[in-house]
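Okay, so here's just one chain, in structure tokens, the form predicted alone.
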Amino acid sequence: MLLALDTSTAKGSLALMQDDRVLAELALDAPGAYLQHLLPGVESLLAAAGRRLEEVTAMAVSQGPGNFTGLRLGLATAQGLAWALGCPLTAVSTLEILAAQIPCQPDPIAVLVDAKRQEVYLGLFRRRESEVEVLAAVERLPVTQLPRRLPGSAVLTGPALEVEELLLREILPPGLSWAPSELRYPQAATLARLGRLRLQRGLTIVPHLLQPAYLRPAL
């Protein structure tokens, strides 16, 4: 049974997966209060599924980039639980989670996460069935440089579509597609599915070696 934690953006979530079935999900729409609500949220999630913490046999966590405080709390919680339970731990890129939420299609997927100061983290991916193919290394850049970095046709997704919507509408060409709002934030159920694939491939990490993918100094 896998427990997935995502606190990388303003809308966090938790999910519990048994084999390939999601047993329960819980939204954490309180980025300024993850410290108070994360562990009680885990308890509520387990209670909703009728499970106990001792039954968790694997952990998956969103690694970033994203909200600095949220990432630190999410990763620290995942590390502590993995140590306490003696279970394997894996981490998944926040951008990969967002790309995996877009249906399979031929167009590339451009994931945009707010990096503050009118900058974004940009990741380019392609969906192929259950796999997410990385097309280019993640980079941090000013929003105004996006028109030169994006493919001619692409599906845009990620929290930055809402944070920088007015500017993006102004500078981006009209041929690009925008993902619906419900897909623009990472979902722990998607993280759980990707984490399960990574665990099946032996892609685990020793808890104390886990580091957030900040991609910029703390502000």
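Sequential numbering from 1, following the sequence displayed. No experiment lies behind these values; they were computed from the predicted model shown.
There is also a form predicted together with a further copy of the same chain; it is not shown, and the following applies to it.
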With the partner left out of view, is residue 28 within 4.5 angstroms of a further copy of the same chain in the model of the complex by any non-hydrogen atom? yes
Hey, in the model of the complex, is residue 171 touching a further copy of the same chain, heavy atoms inside 4.5 Å? no
Does residue 56 reach a further copy of the same chain in the model of the complex if we count a contact as any heavy atom within 4.5 Å? no
Residue 198: heavy atom within 4.5 Å of a further copy of the same chain in the model of the complex? no
Pick from 146, 92, 102, 112: which has a non-hydrogen atom within 4.5 Å of a further copy of the same chain in the model of the complex? 102
In the model of the complex, the residue from 183, 150, 176, 163 that sits within 4.5 Å of a further copy of the same chain by heavy atoms: 183
With the partner absent here, would 118, 140 and 205 each sit within 4.5 Å of a further copy of the same chain in the model of the complex, counting heavy atoms only? no
May I ask you to list the residues of 12 to 28 that have any heavy atom within 4.5 angstroms of a further copy of the same chain in the model of the complex, in sequence order? 12, 21, 22, 23, 24, 25, 26, 27, 28
